[in-house]
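The chain below stands alone and is given in structure tokens; this is the form predicted on its own.
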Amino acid sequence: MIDEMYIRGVEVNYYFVCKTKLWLFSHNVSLEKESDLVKLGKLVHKEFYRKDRKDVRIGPIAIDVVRKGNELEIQEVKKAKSMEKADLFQMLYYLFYLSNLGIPARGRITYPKSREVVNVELDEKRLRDLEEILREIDGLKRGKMPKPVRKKHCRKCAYFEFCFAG
């Protein structure tokens, strides 16, 4: 049985970015705090949406922005659309997680730098895709560390030296 309720949102994002990064992060090898790009992302996050409730943690998920209204709106703030699919499935996972807790919500991914907003809904097809991805993440986390695969974004990754030094 997959314990998808204990998968962290960032792990869903890393599934699309890099399987090695996902595995390392899930085994408590966390190098993000040293990354200038992560620091830049935190600054973007801090500067935008000052009036909203931010950094809301519910179990293994950490939602960037939460707005209450007739319906709960959750937002992820991203600095660029370069990892759009990873961003989408991270948001879908948040909607799935909240739905399993009986909390209906709608999702938005915001890219302040390009002033773009992507509205996200968890429909049946996306739910099936997400459930398959969660099974794969569970299997990856339980298995051996995947060999690093060099991609164009590797040089900017906080894990680059760890993966490719030597």
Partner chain sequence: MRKRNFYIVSDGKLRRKENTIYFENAEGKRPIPINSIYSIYALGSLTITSQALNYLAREGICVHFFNRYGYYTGSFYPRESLISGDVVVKQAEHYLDREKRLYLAKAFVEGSIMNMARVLRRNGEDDTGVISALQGLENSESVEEVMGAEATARTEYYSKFDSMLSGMKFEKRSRQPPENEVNAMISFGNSLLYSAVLTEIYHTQLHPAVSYLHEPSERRFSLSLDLAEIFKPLLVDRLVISLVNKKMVGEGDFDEDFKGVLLSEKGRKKFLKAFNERLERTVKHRTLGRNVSYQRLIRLECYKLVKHILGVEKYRPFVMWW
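Model, not experiment: these values are computed from the prediction. Positions refer to the first chain, counted from 1.
Heads up, the form predicted together with the partner chain isn't pictured, but that's what we're talking about next.
Legend entry - Non-hydrogen atom contact P148 with the partner chain in the predicted complex at 4.5 angstroms: P148 belongs to the contact set for the partner chain.
Legend entry - the partner chain contact in the predicted complex: R115, any heavy atom under 4.5 Å: No, R115 sits far enough from the partner chain in the predicted complex that none of its heavy atoms falls within 4.5 Å.
Legend entry - 4.5 Å heavy atom contact, R128 to the partner chain in the predicted complex: Although the partner chain is absent here, R128 would stay clear of it in the predicted complex, with no heavy atoms inside 4.5 Å.
Inset, instruction - Answer for N119 alone: is it within 4.5 Å of the partner chain in the predicted complex, judged on heavy atom distances? - result: Result no; N119 lies far from the partner chain in the predicted complex.
Inset, instruction - Name the stretch, out of 63-71, 99-107, 25-33, 128-136, where some heavy atom lies within 4.5 Å of the partner chain in the predicted complex. - result: Only one stretch qualifies here: 25-33.
Legend entry - in the predicted complex: members of 82-117 within 4.5 Å of the partner chain, any heavy atom: Going through 82-117 in order - heavy atoms within 4.5 Å of the partner chain in the predicted complex - there are no hits.
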